[in-house]
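One chain is shown next in structure tokens, namely the form predicted alone.
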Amino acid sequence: MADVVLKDVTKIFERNIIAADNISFEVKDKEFVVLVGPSGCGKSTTLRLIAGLEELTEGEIYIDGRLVNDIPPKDRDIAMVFQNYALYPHMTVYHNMAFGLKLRKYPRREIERRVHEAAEILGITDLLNRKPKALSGGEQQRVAVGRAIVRKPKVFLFDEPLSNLDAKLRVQMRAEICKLHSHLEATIIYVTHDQVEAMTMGQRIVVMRDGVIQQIDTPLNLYNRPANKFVAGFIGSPTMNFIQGTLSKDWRGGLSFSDGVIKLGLPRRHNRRLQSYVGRELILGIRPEDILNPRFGKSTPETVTIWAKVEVIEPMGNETFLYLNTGSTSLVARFSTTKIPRVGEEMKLMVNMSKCHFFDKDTEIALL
């Protein structure tokens, strides 16, 4: 396997559409990196640039230490699995998986060995004599992955390979691809718009927006320490709650945040970092799980109490999402399923301010 390095990579399409804007990052040997972001953010274009399917406007791409800017896709020693599996309908599974090796004139016995080895890894040995129309979506996806595996490339590129599958099968195939990564010890770059896929699969995640990298980090660091408001809102489900308000200082020197209706006192340890923002408008972020039901939690110096009206209840089985209104802003809370209030009821809530985030109102950069 090999590492992949992008240096100041830019791709500009006609009419000055910037799909990738000065992108730089490194994927280490045997690492699983996920590119994630909303539709149109440039993640698939970046993957196609690595594969050689799009031509660079500026920058450099290295695979295993070799500059590949002018090297055609077939000579980059990569294998790509697309959203559309592109299986040949007239060929059996065996011949679909063997086709690339035949074009490269591998010996027949070597082709047979590689195909059967990949089929065994993916659990599709009994499907080798079937044609694609006789396969389910998940089986077709395995065949597409198997076709990539037999080539034993330096780098695997996945472009939203699970988006055509139903929810249950997507969960299953996420686990299968992760197991495959461990088994092959492969370098994998994986593109998805689904942040749950990114969080559960990637060792590191590259979050993109409008062709620009917003943050590169591990899943937990992205969740707990987002670099800006976009990352904070994109990572996590339900999304982080945001409240716009003003920071003020009380007569004892403590800081509090208010949107005009609710007032939230801050833990003393935040004073030093936020002191210079007193009197300025900020954006507070709080995740749904940090809005607590006081019936099941004890008040601490780092929790504050607010009141809100329940507008919508979404039972999820093991938990329930409450959509609330404080009179000035809407919030989402994640509760256990026991003792849930009724729609229209006013209820007391505890907000865990030790887990709060603050963002600059103008730049949206994280302050805390």
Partner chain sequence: MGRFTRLPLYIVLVLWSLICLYPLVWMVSTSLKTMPEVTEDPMALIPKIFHWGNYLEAWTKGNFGTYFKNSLIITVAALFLVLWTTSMTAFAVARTDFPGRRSILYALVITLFIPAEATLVPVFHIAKGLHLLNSLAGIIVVSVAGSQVVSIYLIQAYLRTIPRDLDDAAKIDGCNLFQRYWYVILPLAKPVLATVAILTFMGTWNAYMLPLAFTMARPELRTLPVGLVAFQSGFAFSVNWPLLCAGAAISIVPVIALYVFLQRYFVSGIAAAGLKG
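From a predicted model like this one, the values you see are computed outputs, not experimental measurements. Positions refer to the first chain, counted from 1. Note that the rigid core is defined as the largest set of C-alphas that superpose within 1.5 Å between two forms.
The following text describes the form predicted in complex with its partner chain, which does not appear among the structures shown.
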*Just to confirm, Ile78 within 4.5 Å of its partner chain in the predicted complex by heavy atoms?*
yes
*Give a yes or no for Arg147: in the predicted complex, does one of its heavy atoms lie within 4.5 Å of a heavy atom belonging to its partner chain?*
yes
*Considering only heavy atoms, tell me if Pro73 and its partner chain come within 4.5 Å of each other in the predicted complex.*
yes
*Quick one: does Pro238 come within 4.5 Å of its partner chain in the predicted complex, counting heavy atoms only?*
no
*Which of these residues, Val68, Ala51, Val304, Leu324, gets a heavy atom within 4.5 Å of its partner chain in the predicted complex?*
Ala51
_Can you work out which of Arg252, His90, Arg272, Lys298 has a heavy atom no more than 4.5 Å from its partner chain in the predicted complex?_
His90
*So which of 201-209, 230-238, 90-98, 278-286 is the stretch with heavy atoms within 4.5 Å of its partner chain in the predicted complex?*
90-98
_Could you pull out the residues of 102-121 that have any heavy atom within 4.5 Å of its partner chain in the predicted complex?_
Leu103, Arg104
*Inspect the rigid-core superposition and answer whether the C-alpha of Lys263 shifts by 2 angstroms or more between this form and the one not shown.*
no
_For Arg280, does the CA position differ by 2 Å or more between this form and the one not shown when the superposition is done on the rigid core?_
no
*Is Lys131 one of the residues whose Cα moves 2 Å or more between this form and the one not shown, with the core superposed?*
yes
